[in-house]
Structures are given as C-alpha cells and as structure tokens.
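One chain comes next, on its own, written out as structure tokens in the form predicted alone.
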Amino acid sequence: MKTDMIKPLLRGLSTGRADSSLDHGSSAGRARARGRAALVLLLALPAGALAQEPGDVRIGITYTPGYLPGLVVTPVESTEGLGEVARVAEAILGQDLEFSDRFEMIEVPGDFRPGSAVNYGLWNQLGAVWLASSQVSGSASAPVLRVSLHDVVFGELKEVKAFSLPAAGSSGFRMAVHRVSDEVVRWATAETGMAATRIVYRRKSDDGASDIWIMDSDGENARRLTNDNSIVYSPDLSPDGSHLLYVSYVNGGPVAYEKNLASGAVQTVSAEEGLNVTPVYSPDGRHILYARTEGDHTELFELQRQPLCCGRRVTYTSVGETLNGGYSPDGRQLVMTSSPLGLPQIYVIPREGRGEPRILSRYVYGERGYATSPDWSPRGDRIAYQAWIENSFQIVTVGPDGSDRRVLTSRGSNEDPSWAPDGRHLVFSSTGRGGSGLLILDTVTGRVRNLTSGRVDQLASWSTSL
C-alpha cells in the first residue's frame, strides 16, 4: 500500500533501466512524451529545492511519556511433561505484551513461588496494576493455555479463559499464542492488540533483484512468498491473510498479480500496456485499487474481486502521476499520491469520484514540497506518509481533514509507513540509523524497535488482525 513510484520512475528515465532501490517501479512500457517530460522536470529539481513543511510539530525525539499501568506476567505453570511448551508460551506472551507498548513491565521477584495465591497487596507495592498468570495443561499435541488477568488495584480476578492451542512446535503455535496476547491487551485496555498479525515486505538482494517476504509482527517466521528473481515490489495482504497482491517485472513490464498463499496459484490483476502498479485491497477484500497508465500518465482504477471484473476509472487528474491509492477504514474515501502541482502531494477524494480532491500534505505556493506513500490508520483518525524534510525523508501523520500535522521521525531517512491494526504502531523502512532495515514505532510513547536489520528490507505492509 506504501508505494512511492515517483523516484524510481525518474531513475528509469535517467539510467535507461528500472531501479527500485527505495520504491516500486520504473518507466518501462510506453509512457508517452508529455508524461516523460513532466517527470524529467521533476528530476531536474535539486534536492535542496525541497523544503521542510513549515508548521509541523517535530516530535521524533521529544515524545512526552504518558502513564503506563504496571503489568507483571508470572511464569507459566504446567502439568507434567509440558514444561517446554510452558516456557515457549511464556516467552511469547511476555514479549508480545512488552511490544504492545501499553504497559510498564514489572519483573517477577526472584523469590516468587509458582502456585501460591495471588498476594494483591505485595504486587500493589511493587507497582503492578495488572497481573497475568497462566497454566498449560492437556498434551503436547493439544495443549490448553489457561490465562487469568487480575486487577491488582481492586484485588479481584478480572478475566479468565482457556485457549486451545495447536501442537507445540507446529507452524500455527506462535500465532495462536499471539492471539492470546491480544486478548489480554483487550481485557486490560478494551482496545485492539497487534501481536496476531503479519507484515509483508520487499527484500532486495545484492544483485538488485527482489522478492516479497512475510513475517510475524515480532519478526519471527520470516519466509519468502515470491521467487521471481526480478524486480518485485508493492506487497499487500488481503484482509483475511489468504492472498497477496504485488507487482513484478518477471514477464517484462510492471504487471500486477495476486497470489493465493495456500495453493500458490497466481493470477494477473492488470497487464495493460505501460504501468500497472500499487495494487491494494479494499477493507472488505471485495475490490482492488491500483494505478495504471492512461494516455501519458497514471490514474487510479478499481476492480471487483472473485472473479476479477468490472473495472472502473476512479481518478481524472489528467496532469501528473496519480498512484499510491488507499482506502479509508469505512471504504468511503481514498487517499492517494498525485502530482498535478508539479511534485507529489497527498490527497483525499471520495471513493466514487464525486467531489473535489482535498490536499493533506503541506503545500504553499512558491515553495516545493514532496510527500508520498500514504496509509490510512485503521482507527480512521490519522494518515501517515513520508515527506522530504531537511534533506531526507521522514514519517509524518496528519488528521484526515489536514489538521494536527506531526513529524514522527528525525534521524536517518525513513520511508513507506504502514499502520498496525491497533492504529498506534507504524512499520517503516529506515537507513542511516547504524544500518538499514525495518523499524516499528509506537506513535504514543515514541518507542522504536528494530524489526529487521542488516538487509535491504523495504515497502512493508502490515496485515489486519489474523
């Protein structure tokens, strides 16, 4: 969903080949002379001509920590023969709850004795507001994890539930425990967790080829989804996690494909002459929004899924490139990148195409801004994008009405943000922070953690809760 096509299009014009080192595409195909001239004009602008968006609130390293309730996760107890299952489940639960960034994690004292009654007074003195205790029973092939959440302040059991898990060591075991973690988050905060999710991304190899990879939200279970040995980019998972949209040059020009992750079957979404790029799913999974060449530039189109049919043109910008489309959570509006003003900016339009586009990124006549790769928060209250600020790209968020613009990062170069389903975490690619890779930022506390490092991993897209 985060696919800044402008820079690689420019590189393709200047070098005669497609270079997707930062984004997703090239000018391969037959882009006509007027469209090429507009892109060459953009290429001719020096980097210094792109100014920081004035009026932004820079909070990249000045987050004000808010109150985080104390949470203690006691060791997971187990019946005979299930000690290893309990150990693995305990590690996953503890890390997930820490990564949720919603709690101040409290260390369990060394003299803690499993199986003892909950001493609310003691835990209260240690600063705990919540206490999560767990037990594993059943068998290694069909373990049952029973989790209890205690309200320490009021001295009472708030929630308790038994969760049936897949066999220990099976491919679904970790994801099942992630779902338990999200349930604990919901019990304590009444809000959505993000542990039971996956992230798809583009990994680039040393020879310039790339493929789409997928991993769990904690960085585990990374595996390759495509094997095109070509330029591949623009991944997006269907809402149910069963299908993948992406763009590949494996058969020549940029073609949009959909892959069934269970069967491995691949179907072509769009292979029109020119560009077929930035495909994304609608929130209900029933439509696909993408950009393709229309005359001498790109416009947004929408297709019905299953079966693919009934395509319609969504935008009529006629000048500049329009792409990077994405849906609002309710599916009624679209956010997109478009460049009718010269350099790309972020706009919102009604999905049905009626009504004037509304610019969200900072634009002042006579000043040159550069903003791309928008993603609408699942909560509906923020739109994230990347903007050129003081000679590098930084992550910015803004309200859907253009208000309350915030610059969230300030170190290195940071691109292509994607929201977690909790509406507070962002994954994005970063360089210059001692290396390159994917980072996760909690937009509430400002906490940042590495998801991957030491590899050219980019263009991440966060799934819905699975």
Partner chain sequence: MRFKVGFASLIAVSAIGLSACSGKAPPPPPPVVSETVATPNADSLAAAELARYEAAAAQLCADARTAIANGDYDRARMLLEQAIRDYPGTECADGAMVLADAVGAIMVVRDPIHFEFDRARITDDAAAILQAKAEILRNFPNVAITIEGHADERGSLEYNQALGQRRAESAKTYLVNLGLSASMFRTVSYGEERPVAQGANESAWAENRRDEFVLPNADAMLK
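Here the structure is a predicted model, which is why all the values come from computation and not from measurement. Residue numbers count along the first chain shown, from 1.
Quick note: we don't show the form predicted in complex with its partner chain, though the next part is all about it.
Chemist: Within 4.5 Å of its partner chain in the predicted bound form, do 97, 134 and 217 each have at least one heavy atom?
Modeler: No: none of 97, 134 and 217 comes within 4.5 Å of its partner chain in the predicted bound form.
Chemist: Could you tell me which of 290 to 298, 137 to 145, 155 to 163, 172 to 180 sits within 4.5 Å of its partner chain in the predicted bound form, going by non-hydrogen atoms?
Modeler: Stretch with heavy atoms near the partner: 290 to 298.
Chemist: Check residue 393 for me: does it contact its partner chain in the predicted bound form (non-hydrogen atoms, 4.5 angstroms)?
Modeler: Output for residue 393 is yes: heavy atoms within 4.5 Å of its partner chain.
Chemist: I'd like to know if residue 344 sits close to its partner chain in the predicted bound form, meaning any non-hydrogen atom pair within 4.5 angstroms.
Modeler: Judged by the heavy-atom cut-off of 4.5 Å, residue 344 is in contact with its partner chain in the predicted bound form.
Chemist: Give a yes or no for residue 231: in the predicted bound form, does one of its heavy atoms lie within 4.5 Å of a heavy atom belonging to its partner chain?
Modeler: Judged by the heavy-atom cut-off of 4.5 Å, residue 231 is in contact with its partner chain in the predicted bound form.
Chemist: Is residue 321 part of the interface with its partner chain in the predicted bound form - any heavy atom within 4.5 Å?
Modeler: Yes, residue 321 is a contact residue.
Chemist: Can you tell me which residues in 228 to 266 come within 4.5 angstroms of its partner chain in the predicted bound form, by heavy atoms?
Modeler: Sequence-ordered list: 231, 233, 234, 249, 252, 253, 254.
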